[in-house]
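Next comes just one chain, in structure tokens: the form predicted on its own.
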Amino acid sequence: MADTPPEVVCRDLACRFGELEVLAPLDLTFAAGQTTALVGPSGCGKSTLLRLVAGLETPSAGAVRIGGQSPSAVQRQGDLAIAFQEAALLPWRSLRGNVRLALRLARRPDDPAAVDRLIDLVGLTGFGEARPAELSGGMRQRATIARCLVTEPALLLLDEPFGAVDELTRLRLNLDLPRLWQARGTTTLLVTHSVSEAVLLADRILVFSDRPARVVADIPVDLPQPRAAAVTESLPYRRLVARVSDALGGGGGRLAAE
């Protein structure tokens, strides 16, 4: 892992596919070590922004710099990890083998104990030797999250990572996993369709408009970290959920608070 978490800077960043403008030119800075949630209407361009930061898409204009480097350079160093909405596990490898593979690809030393800790933390104890076909969709998604975290990335990109898991497991992961990346000072960008999840996890929430995506609100989340389940019953939390929901309505899109 990099010695210090990186700041992510997007300058005049725009993206279009043919005639379709997905992202209007954006100037954004994501603070080092901070968790930023990206919320907005479905299809507005949030996932495209994440893919641009990861270097998986080429911008139509502008650039992304991660700690002063290009996304491809950060990828080569093994300091960037991304979890998509769909789990992408190798079907011929066991769950444990899929998680261990991330260490090899990131040029990290093999660490069986760390692999097993992550498998336990995401609630998959006893499934280490199971193949992906033997796991439910939610279990495969949890395995994908474990694979991302085992490399201790400097930059973590999460695209609706908990969407395929049941509500009880989702709440547990929402409470347990952020402690890992917060303790390591990881810079984290999270795309979510849940306003309540965004407020629970993030230090900052960016609200986007309908496509082409523009930032319509930049909301700091002034709740102490790490957060326990009890924070969701507090008045400041509820006020933030209402504020983000109002911003979504004003931005031309609708999104549920849950």
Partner chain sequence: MRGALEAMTRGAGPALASTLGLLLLWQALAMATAGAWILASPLAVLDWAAERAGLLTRATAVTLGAAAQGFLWGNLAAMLLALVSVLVPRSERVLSALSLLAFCLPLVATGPILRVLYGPGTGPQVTLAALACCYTTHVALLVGLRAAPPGWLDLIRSYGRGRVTALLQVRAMAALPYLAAGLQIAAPAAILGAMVGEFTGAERGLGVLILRTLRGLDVAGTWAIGGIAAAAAIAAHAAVGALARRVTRAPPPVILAVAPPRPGRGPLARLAGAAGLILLVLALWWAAMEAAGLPAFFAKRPGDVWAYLATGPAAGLHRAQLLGALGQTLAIALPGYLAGLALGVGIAAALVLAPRVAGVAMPLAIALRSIPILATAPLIVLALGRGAAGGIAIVAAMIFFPTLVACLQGMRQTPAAVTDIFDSYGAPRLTRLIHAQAPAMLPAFFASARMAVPAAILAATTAEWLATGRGLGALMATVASTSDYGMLWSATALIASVAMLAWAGLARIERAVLARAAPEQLS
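As the structure is a prediction and not an experimental result, all values here were calculated from the model. Residue numbers count along the first chain shown, from 1.
Missing here is the form predicted in complex with the partner chain; even so, the following discussion is about that form.
Exactly one listed residue, out of A114, L171, L124, L101, brings a non-hydrogen atom to within 4.5 Å of the partner chain in the predicted bound form: L101.
Think of it this way: in the predicted bound form, the partner chain has a heavy atom of just one of H193, R51, R65, R211 within 4.5 Å, and the residue is R51. The partner chain in the predicted bound form is approached by Q75, whose closest heavy atom lies within 4.5 angstroms of it.
Although the partner is absent here, G55 lies within 4.5 Å of the partner chain in the predicted bound form, judged by heavy atoms.
When the partner chain is considered in the predicted bound form, P109 lies well away from it, no heavy atom lying within 4.5 Å.
Not displayed here, the partner chain is kept clear of A183 by more than 4.5 Å at the level of heavy atoms in the predicted bound form.
Here the chain stands by itself, but in the predicted bound form one stretch of 116-124, 184-192, 134-142, 75-83, 75-83, has heavy atoms within 4.5 Å of the partner chain.
Residues of 81-96 that come within 4.5 Å of the partner chain in the predicted bound form, judged by any heavy atom, are A81, I82, F84, A88, L89, L90, P91, W92, R93 in sequence order.
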